[in-house]
Each structure stands twice: as structure tokens, then as C-alpha cells.
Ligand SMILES: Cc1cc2nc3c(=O)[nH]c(=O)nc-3n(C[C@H](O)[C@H](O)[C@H](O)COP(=O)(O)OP(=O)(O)OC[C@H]3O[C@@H](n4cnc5c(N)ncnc54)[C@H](O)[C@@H]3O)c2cc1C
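One chain is shown next in C-alpha cells, namely the form predicted alone.
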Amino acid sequence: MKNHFCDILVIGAGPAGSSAALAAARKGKGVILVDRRPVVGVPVRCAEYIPALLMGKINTDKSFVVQSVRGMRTILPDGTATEIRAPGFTIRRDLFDQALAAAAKQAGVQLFLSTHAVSRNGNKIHLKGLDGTHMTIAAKVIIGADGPHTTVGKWIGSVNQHLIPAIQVRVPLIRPMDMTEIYFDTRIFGGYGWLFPKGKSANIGLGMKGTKHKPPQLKRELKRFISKLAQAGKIRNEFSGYTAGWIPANRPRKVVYENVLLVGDAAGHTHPITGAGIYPAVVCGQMAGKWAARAVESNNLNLLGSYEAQWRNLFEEAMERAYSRLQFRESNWMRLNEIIYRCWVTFRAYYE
């Protein structure tokens, strides 16, 4: 068994984890970043859209950008469509994650792949490699960025309670598009369908919940959704690259305990209504890395509470509103066409 020591251990090399590792390393701290996957960013479980605002938060190679997007079109159950300006980019999420991890490595972060966290004993974390090797890392601060089903969160009793299953495929576009599209349909209970253009192709997916009497029929509803888009002349009815995952949809919760803190999907930082998670993952990751470094520098773990206060100051109000709208929407689902204006972010009534 190998033993390592570091100032800060980050578990999970997605946007949140790599951003946290990079921020801490730039403060001169010794950082180890581990990820259970053999290749950072693979497989991709993401609709692959980022807002233009995020570009100002990162300083990496931008080869992950596929195309620019000028806005969002929302299609209601009765076919009514509305458009808003929402500049952003569709990306190669694997390349995006790899660019952030590469920046962290360049800043001095040690990266261990094919390695997952098994258990915690105080400041010591036991990890196991896919090849069966074992490792113990003693760290002053532990950052959990290990996704919706967070292991680190279980150690501190802070886990996601409300997760929405999602599925996605890649399809050819009939013609180029410069807008993302969101589709609401009463058959897609508790969620929505999406079409995100990526050059000559698009990501088509949906997230939906089951009911008391029936589990979510994701593949069946996705095939129906694809057929509907093909009939509308937007895509060819041929698809590949099935991916699936879970979208946190929680109200804000405490994510700091002793020397452990959570960030990104592990912390439930995803927007409960839209499912958008990359922007808060990067921003909160940077906060987490900064405050972890300050706590180590000052030998004062109480400073980790400042991370909790800072991310809440930026995101809590929006998350609380979204969670309450989500609950209202689900309880009034069969009135979707009537109540959607209060329950989707592109409408003024959502903010009233």
C-alpha cells in the first residue's frame, strides 16, 4: 500500500474538482486530484452547453468549443414557441474537462486516474485503483467533487435527495441551428426534452421522473421525442451514442463539515429547474479551492465556513426559487400549459 501526504485532496476531476484543484495549487498548496475514470471527461454525461459568461472564468485552451449559440427557444405542450437571447456555446465536454485538468496539472497538481475513494478515517482517505492497488492519502482538507451519488457526501451526511434520471443521444441535423431548444410535454413528467446543436449534429435528450405507479420510461419517450423532431424536419431519425446520468434537483444544503467540503454535483449545485451545472461547478470549485488553501495557510479549518457563505451568497436564492417552482410544477403537472410561465426561467412570471 502506498502512502501520500498533501495539503488538499480533491476527489473527482470534473469541472468542479479540477477548478478547485487549480485554484488551490495557484495559492501554492500541495494538491492531489483523483478520479475513478481512466480518462478525464469520458464518458460524457452532459448536454454540453455553457453560457458565454463562463468563458471569462476560465483561462485554458478553447479547442473544446464546437459552435456558438445565440439564444434559447422554448416549445410548450400546445406548440407555442418563445425565444430569448441567451449567448453561449455548445462544447465537447470531454475536451472541456481535459483542458481544466491539464491546467491543474500544469499548476503542480498530482493527478491519479482509475482511482476511487473507498473510506475515510479522520484526515486519511483510503483509495483503490481499478488494478486492485491500494493507496492512503493524508490530507489537511478534503474536497468532494465526485458527482451526484457522492461517496464523500456520505461520509459527512450530506447527499443529494432529489435526482432526476436523464438520457441522451447524438443525431444528425437537417440544417445548422444557432439556438438551443427546450420542449415541454406532459408525457415527460417532471422534466423536459432538449435539442442542443453541435455543428452538423445535435444532442437530443430528456430528463424525467417516474410517478407513484410507473417508473420513468426514458428510452421509450426519447424515441418518441426523436420521431417528433424528425417529422418536424429538424433531424434525421438515426441516433447513436446513448448516454445516461442523474441530474441533482435539490434545495441548498450544508456542504461543509470539519475538514471536508463538497462542490459541483456532489454538493447539489445544479440548478433545480434547468439542470444547468457546469457554470456553478466551475465557479464554486474556484471558491472551494481558494478557501481550502486559506484554511491550510492559516491552519484554521473554520475558514472553510467562508466557502459555504460565499457559494450561498451567489447561488442560494436562485436555487431556493427554482426548487419551489419545481415542486409546484410537479404537483400541477396536468395543468402544464397553464402554469409553465411560472415554472420556467425564460418567462417573467417565474421571477415574480
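When you see a residue number, it is the position in the sequence shown, counting from 1. What you see is a predicted model; the values in this text were computed from it and never measured.
From this point on, the text means the form predicted in complex with this ligand, which you will not see here.
Within 4.5 Å of this ligand in the model of the complex, counting heavy atoms only, one of 215-223, 73-81, 265-273, 234-242 shows up; tell me which.
Comparing against this ligand in the model of the complex, the contact stretch is 265-273.
Just to confirm, residue 24 within 4.5 Å of this ligand in the model of the complex by heavy atoms?
Result no; residue 24 lies far from this ligand in the model of the complex.
Given that this ligand is not shown alongside this chain, does residue 145 nevertheless sit within 4.5 Å of it in the model of the complex, heavy atom to heavy atom?
It does: once this ligand is placed as it appears in the model of the complex, residue 145 has a heavy atom within 4.5 Å of it.
Given that the partner is absent here, does residue 308 sit within 4.5 Å of this ligand in the model of the complex, heavy atoms only?
Contact check for residue 308: no, nothing within 4.5 Å of this ligand in the model of the complex.
Give a yes or no for residue 325: in the model of the complex, does one of its heavy atoms lie within 4.5 Å of a heavy atom belonging to this ligand?
Taking the distances in the model of the complex, the answer for residue 325 is no, it never comes within 4.5 Å of this ligand.
What is the one choice in 98, 201, 151, 250 with a heavy atom within 4.5 Å of this ligand in the model of the complex?
For this set of options, the contacting one is 151.
Using the arrangement in the model of the complex, list in sequence order the residues of 46-67 with any heavy atom within 4.5 angstroms of this ligand.
The stretch 46-67, when checked against this ligand in the model of the complex, contributes 46, 47, 48, 49 at the 4.5 Å heavy-atom cut-off.
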